[in-house]
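Just one chain is shown here, as structure tokens, and it is the form predicted on its own.
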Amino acid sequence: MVTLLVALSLFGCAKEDVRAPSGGGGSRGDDPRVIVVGAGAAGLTLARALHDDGVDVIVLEARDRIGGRVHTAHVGDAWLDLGAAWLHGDRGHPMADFATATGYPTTTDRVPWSHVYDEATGGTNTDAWWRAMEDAMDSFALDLPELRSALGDGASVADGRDRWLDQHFPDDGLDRRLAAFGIDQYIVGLEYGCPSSLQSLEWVWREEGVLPGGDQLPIGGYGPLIEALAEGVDVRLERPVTRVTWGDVVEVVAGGETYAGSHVVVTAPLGVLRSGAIEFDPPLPSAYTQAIARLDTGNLEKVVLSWDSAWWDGSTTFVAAAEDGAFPEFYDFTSYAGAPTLVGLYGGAFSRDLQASWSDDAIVAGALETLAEIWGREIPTPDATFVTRWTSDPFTLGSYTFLPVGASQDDLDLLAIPPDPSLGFAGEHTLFEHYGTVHGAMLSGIREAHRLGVTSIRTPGLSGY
């Protein structure tokens, strides 16, 4: 496995100081300027660190807003995060530390869970079924080394799940159904956003995505934090980048305009890189294009349902009889959204099907039908709804990174290594330890700031990183 330090030495670009003349003619002369592609968590963290250190930096953002996959918006009277919502931990989390330093409060997630509904039997339970799922997931996780050894690195989680279920739950029934649901949904579908048939068994649950301190929610959503992070930074909106020229000459074509600089850091999501929407001149080395092609993005989506009064009691889990992950979770955000609100989260194969073939109205109707089945009653018409479309959004093309069969940590590690001092990458897809998270994205931005010569981060709360 290629380590980051070894690879950096191989490519000869361990650190670059943007204050020093770069040489080589073209636009990399005595007037260094860093161009950051993308105003998500990674891009804004990098740009803010550079700005606070006195470096000339501009950010080119395709959307008409900042934040990328972090987007807080009104849904009726509710105030919801449509993308990233949680801070997974509050120790060693750059956004949590930034929030503390800038006076933005967060709170521990204490959302109550009412019950688990099993569609096959029409039964409901709370504690016993939760414990059964948790015990099964814990046991499966403990058996992962044995399963990996038995099945090899070409196995998917679905392969490992089937083998494990046959060993521990050979008879069809509720216990097997709950165990399968826990593996398919809570370990894979709602965690990585992908189907268990695609997620690599070798690489599932190997990252360190959750930091100490428990899940936190920023009061008022991520939006105010993103706005505060962007303070003072030159962000150019509605500038979709289509071409990046790197090497002796650094130019970025965005929104029909050409921007010259000394260095460029691309923080566009993995899905955008995979699509080929950004042309690189010269083309990226084949090792990079192959790594990008091996990785993939999950499809975690949300359907937001808001009412003027709550008719339910707590969050619920729906174990579909077909085991297809249909609307597996309805999260009660009432305490944090400012209005009675349920958020249906779904990923995996079910999400891919819905995103490809269901209209927004059909998704809302499907969610309401599922709630009616769970609660055994007619559901009042919501006052407001919203359906996310991260999977088809041309500026994301997916929710966040997962490692399918055939990919490995090496692919993420490689994307953290600049192919040239003039060109770097940042984003959650470039940090194996915390990929798929906001803090992973921010830490990658901090990494690039240090590479570009910032010895001490001056942004509030981030000085220790």
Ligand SMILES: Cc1cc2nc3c(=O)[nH]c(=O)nc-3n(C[C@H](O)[C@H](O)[C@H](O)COP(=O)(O)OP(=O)(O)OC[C@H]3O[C@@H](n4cnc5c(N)ncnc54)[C@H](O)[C@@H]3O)c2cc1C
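All residue numbers refer to positions in the sequence shown, first residue = 1. Owing to the predicted nature of the structure, the values given are computational and were not obtained by experimental measurement.
The same protein also exists as the form predicted in complex with this ligand; that form is not shown, yet it is the one meant from here on.
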For this ligand in the predicted complex, the stretch among 237 to 245, 362 to 370, 96 to 104, 375 to 383 with residues bearing a heavy atom within 4.5 Å is 237 to 245
Residue 83 within 4.5 Å of this ligand in the predicted complex, heavy atoms
yes
Does this ligand get within 4.5 angstroms of any non-hydrogen atom of residue 278 in the predicted complex?
yes
Decide whether residue 422 counts as a contact residue for this ligand in the predicted complex under a heavy atom distance cut-off of 4.5 Å.
no
Are any of the heavy atoms in residue 390 no more than 4.5 Å from a heavy atom of this ligand in the predicted complex?
yes
Give a yes or no on whether each residue among 111, 314 and 341 has a heavy atom within 4.5 Å of this ligand in the predicted complex.
no
Would you kindly say which of 177, 115, 88, 161 lies with a heavy atom within 4.5 Å of this ligand in the predicted complex?
88
Name the residue from 265, 229, 157, 268 that puts a heavy atom within 4.5 Å of this ligand in the predicted complex.
268
Even though the chain is shown alone, can you say which residues of 389 to 404 have a heavy atom within 4.5 Å of this ligand in the predicted complex?
390, 395, 399, 400
